[in-house]
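Starting off, we have a lone chain in the form predicted alone, written out as C-alpha cells.
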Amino acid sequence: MKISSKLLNLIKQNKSFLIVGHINPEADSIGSSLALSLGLRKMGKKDICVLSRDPVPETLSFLPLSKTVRQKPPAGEFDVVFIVDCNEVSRTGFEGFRAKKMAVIDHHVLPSNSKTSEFYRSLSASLIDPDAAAAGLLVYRVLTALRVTIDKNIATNLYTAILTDTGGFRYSNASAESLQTAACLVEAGARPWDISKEVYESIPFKSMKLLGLSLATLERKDGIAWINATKHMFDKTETTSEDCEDFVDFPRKIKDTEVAVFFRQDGGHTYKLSLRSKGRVDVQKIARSFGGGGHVAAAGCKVTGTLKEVQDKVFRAVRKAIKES
C-alpha cells in the first residue's frame, strides 16, 4: 500500500508531535509508538511525546525509550497527534487531545457507524490497513517512505511489535511482508533471541501462579475452549490484568477448538473477554456485537453480568458464529 503524500507532508511540515496508543498497551502499541517517535527525532523533530494512559508492561521495559512514555498529556498544544494501533479516541483512554491536526496509523477493522465516519472525515491524514499484521509494519512503511535510516533502537521496537502480533510468526497474519520486514529489522540491529527471551521467557513468577489457577478452570464444549481469571485469583497471587497477557492462547492450542475465550473479571460484574479463532470463525464480529472489536482471528470486548450470565451470552454468540462459518 502506497503511503499518501498527505500523511508524509503532515510529518515533514510540522514540528511537534503527540503519539498515543491504546489502553492496556501491548508490544505492538508501545513498540510502534516508540519507533515512530525515534524516527521523527532522526528527522530533526525535537518536540515529541509518547503517551499511554496505562503504564508500559514490565515485560516491555527493555524496549528502547520505554521509560520516556508518559501517562498524562503535557501542557501546551501539539501540531499533530498520532493515534497508533487503534482507530478511535475512546480506545486511547483519553477524552481528547490539544493538537491542531490528528492522524491515525492502525491495522484494525473500522467500526461501521456514523460517528466513526464523522471522525475519519475530520482527520488530517491516516494510514489504515486491516490486512497488515501489525501497526509496527505500518510505521515501518512510513519511516522507509520518509527515507529514515532504521537503526538498532527503531528496529528493536518494530521487530518486537511484529513478533508479538504474529504470535512469534505462527499466526495466519504472518505474511511475506511481515517476514521480509523482520529480516530487514534484524539486518538493522534487532536481535531475535534477545527480544524473544524478554517477551516470552521472562514471565514473572506471580504471573505463572495466576496462569496455574486460570488453567484449572479450563473447559471445552461445542468447539469452544475457555478459561477464567477472577478477582479472587488476582488477589491470591497479587497480580493485575497486566499479568494475564496471552492467557487466551492456551485454550486455543487444544485440538479441534474453533474459538478460544478468556474471561477476565474487570470489576464487580464486568468481564473483559479475549477471543481467538483458528481462522474459520470471524471473532471480531462477535466482539463487535458486544461493543468491542479487533481482527478476524483476535478480538476483545467487555460484557456485564455474573460470570455465568456473561458466558451464556458469549457462548450463544460463538455457537451461532461457528454454525454460520
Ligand code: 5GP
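All residue numbers refer to positions in the sequence shown, first residue = 1. In this text, all values refer to a predicted model and were calculated from it rather than measured experimentally.
The form predicted in complex with guanosine-5'-monophosphate exists for this protein as well; it is not shown, and the discussion that follows is about that form.
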What stretch, of 288-296, 66-74, 52-60, 33-41, brings heavy atoms to within 4.5 Å of guanosine-5'-monophosphate in the predicted bound form? 288-296
Even though the partner isn't displayed, in the predicted bound form is residue 301 close enough to guanosine-5'-monophosphate, meaning a heavy atom within 4.5 Å? yes
Does residue 141 reach guanosine-5'-monophosphate in the predicted bound form if we count a contact as any heavy atom within 4.5 Å? no
I'd like to know whether residue 274 contacts guanosine-5'-monophosphate in the predicted bound form, with contact meaning heavy atoms within 4.5 angstroms. yes
is_contact(residue 129, guanosine-5'-monophosphate) in the predicted bound form, heavy atom dist at most 4.5 Å: no
In the predicted bound form, which of the listed residues (219, 88, 151, 222) lies with a heavy atom within 4.5 Å of guanosine-5'-monophosphate? 88
Note that guanosine-5'-monophosphate is not shown here; using its position in the predicted bound form, name the residues of 20-53 with a heavy atom within 4.5 Å of it, in sequence order. 22
